[in-house]
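Consider the single chain below, provided in structure tokens and representing the form predicted on its own.
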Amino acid sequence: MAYLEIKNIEKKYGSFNLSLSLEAGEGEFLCIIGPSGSGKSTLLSLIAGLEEPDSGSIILDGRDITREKIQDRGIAMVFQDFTLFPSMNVQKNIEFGMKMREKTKRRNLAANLLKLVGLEGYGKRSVTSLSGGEAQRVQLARALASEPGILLLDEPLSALDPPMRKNIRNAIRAIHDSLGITMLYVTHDREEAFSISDSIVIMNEGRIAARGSAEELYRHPSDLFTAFFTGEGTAIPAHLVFENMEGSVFFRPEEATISEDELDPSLYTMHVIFSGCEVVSCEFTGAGYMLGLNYKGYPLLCQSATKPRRKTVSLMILRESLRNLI
């Protein structure tokens, strides 16, 4: 049985309708990604009890918590905005949710949590003196102080600069692995989700569009929305490649190879060849070049280790790499 079960949840806001079912295993690190307005934060708010669903149920460890009060759910949440109390030092912020514990135990747990989040010795500091990354670590420690069954994180790194985001996301993953706590992590950042999660849910317009590991979603997308949301790619009408095939064929830039010479299709029977592609753009990426090509009016993307010298090239891709998607 799943640790968290969301069964046929419905929540309507005007023309928007969230409608889905979802499960998460105990100790799982599940990332939820999707475009703005897809319902990611609404879903977390329903699980946390900040919102009530119109219908459906939320089951946590076999207990129906759909209508329970926030404080009774055993769930903690970390937001993108820093919500620390400026009048309290770091230690008191962490101890805030532990009022029922004896003072010495509160102090010891706060110290242990600060060590866990990499802020050992910061207890007496004013929270107003902390950097953004340090403040977010304190928020994590405070959320963990209640020993929740699930930790929900809603865009927790969006207010931080890129180097700090990478640093904190690694810290969050390390905390998860150390404690074995179930985490649901909302982000709009695909790279963040790919690097940190056990599995990923992609949402679109209040529904679950796809679920799987980062590798599964990237390499074997089920539709064009999932394909483009998980990375760069090319989609062209399937009938341009395979006679009488409907839909589109999709491939990733790294799956295609360019040649500045004319290619003889009879020598490459396992490949599809696009001849006479015009080089429209050439962007240096550090590891190579991302080429934008034009083939019969359709844009194609391709990675190349070298910069093409000609304005017209041929593109070659293995037939088995072409995915027929709708």
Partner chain sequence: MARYDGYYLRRALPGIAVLVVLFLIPLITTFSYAFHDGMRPLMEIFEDGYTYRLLSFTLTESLLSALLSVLAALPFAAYFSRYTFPGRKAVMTLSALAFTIPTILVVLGFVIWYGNNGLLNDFLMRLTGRDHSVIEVLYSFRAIILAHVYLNFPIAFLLITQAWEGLSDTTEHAAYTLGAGRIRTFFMVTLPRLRGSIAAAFILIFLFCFSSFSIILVLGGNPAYSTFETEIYRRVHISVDREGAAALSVFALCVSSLLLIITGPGMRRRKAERRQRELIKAKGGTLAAAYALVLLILLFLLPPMLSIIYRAFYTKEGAFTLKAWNDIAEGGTGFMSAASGAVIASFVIASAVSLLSVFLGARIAMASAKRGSVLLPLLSSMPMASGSVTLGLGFSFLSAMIPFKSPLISLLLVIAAHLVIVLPFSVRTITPGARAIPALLPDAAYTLGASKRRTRRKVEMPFLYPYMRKAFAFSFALSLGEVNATLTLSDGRISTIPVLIYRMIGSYNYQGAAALGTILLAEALIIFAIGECGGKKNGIS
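Numbering follows the first chain given and starts at 1. Because the structure is a prediction, the values reported are computed rather than measured.
Below: the form predicted in complex with its partner chain, not depicted.
- Residue in contact with its partner chain in the predicted complex (any heavy atom within 4.5 Å), chosen from 146, 167, 213, 222: 146.
- This chain is displayed alone, yet in the predicted complex one of 196, 84, 117, 160 has a heavy atom within 4.5 Å of its partner chain; that residue is 84.
- Exactly one of the stretches 61 to 69, 31 to 39, 285 to 293, 255 to 263 approaches its partner chain in the predicted complex with heavy atoms within 4.5 Å, and it is 61 to 69.
- By the criterion of a heavy atom within 4.5 Å, residue 231 is excluded from the residues contacting its partner chain in the predicted complex.
- With a 4.5 Å cutoff on heavy atoms, residue 96 counts as touching its partner chain in the predicted complex.
- Mapping the unseen interface onto this chain, residue 79 counts among the residues with a heavy atom inside 4.5 Å of its partner chain in the predicted complex.
- Looking at residue 217, you'd find every heavy atom of it more than 4.5 angstroms from its partner chain in the predicted complex.
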